[in-house]
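Next up: just one chain, as structure tokens, the form predicted alone.
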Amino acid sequence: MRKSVLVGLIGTGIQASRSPAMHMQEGDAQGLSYLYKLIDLTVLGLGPAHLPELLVSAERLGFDGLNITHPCKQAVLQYLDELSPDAKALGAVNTVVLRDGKRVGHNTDWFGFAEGFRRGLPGAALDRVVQFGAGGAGSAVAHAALTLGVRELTLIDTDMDRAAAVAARIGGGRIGGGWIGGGRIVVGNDPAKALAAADGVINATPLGMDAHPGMAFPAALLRPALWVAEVVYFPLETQLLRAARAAGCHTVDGGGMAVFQAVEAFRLFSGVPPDAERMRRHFLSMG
């Protein structure tokens, strides 16, 4: 009898997500009966305040876990029983395992971004990087940027207090057995000045998603010497990436982060080691 795995994704505007197909195809290849459901807050007319009800419903229905995306990665923290070291240090959760009556939060986003960046922009200059967005994804991406070797990361967010909190948390946090930060993150409020001196820019905001069109900064600030990394992957071709390519920038889309965060989430949900390359090929086959 095939082992059954039931999981879902909670977030807003997620109808274009490739996670269900990616997880279920890998589950089938592993001999699992694997079902992945979308729990789209936009479709349901709900918001982050409804997370307690959704978590209880998932437990009662026998879910093995949930992926969490915008705008719930930080809001979900207060409703969990335990956090992995990474999730605790980053203050954001994108994967919740429901097992033995407990809700355990994990963060696989930072690994996903780091692995996607290594593959998509090998050898990129990392002296000065600007990151837009300090929310749930932004916290994980900031950590990933430091692990990749960024010497100075300027963090820009519409909420400067939130950006300052991420800078303080990542600068003094202990993740994966080692200390990171060391004053390498600064909070900025002048995109033009920061980008003029930068080697690259990361969009860690939801801007560019189908449900949140637009860009975090004016396209006129792009220049050929600037590399551009995106975390949004639905759509895979965002307004930022189109503008960056038109400006002659080297770019990496959000697909790598989507794949490699899913690889680790699959393992956490099922207890079965996935085939990362097979999951990546399936993701790319979806166009």
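Note that residue numbering follows the sequence shown and begins at 1. Not measured: the values here are computed from a predicted model.
Just so you know, the form predicted in complex with ligand NAD exists too; it's not on screen, but the next bit is about it.
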Looking at ligand NAD in the model of the complex, do all three of A137, R162 and M257 come within 4.5 Å of it through at least one heavy atom?
yes
Within 4.5 Å, heavy atoms only, one stretch in 209-217, 194-202, 99-107, 119-127 touches ligand NAD in the model of the complex. Which?
209-217
Work out which of L240, A229, V232, L66 lies within 4.5 Å of ligand NAD in the model of the complex, going by heavy atoms.
V232
Just to confirm, D157 within 4.5 Å of ligand NAD in the model of the complex by heavy atoms?
yes
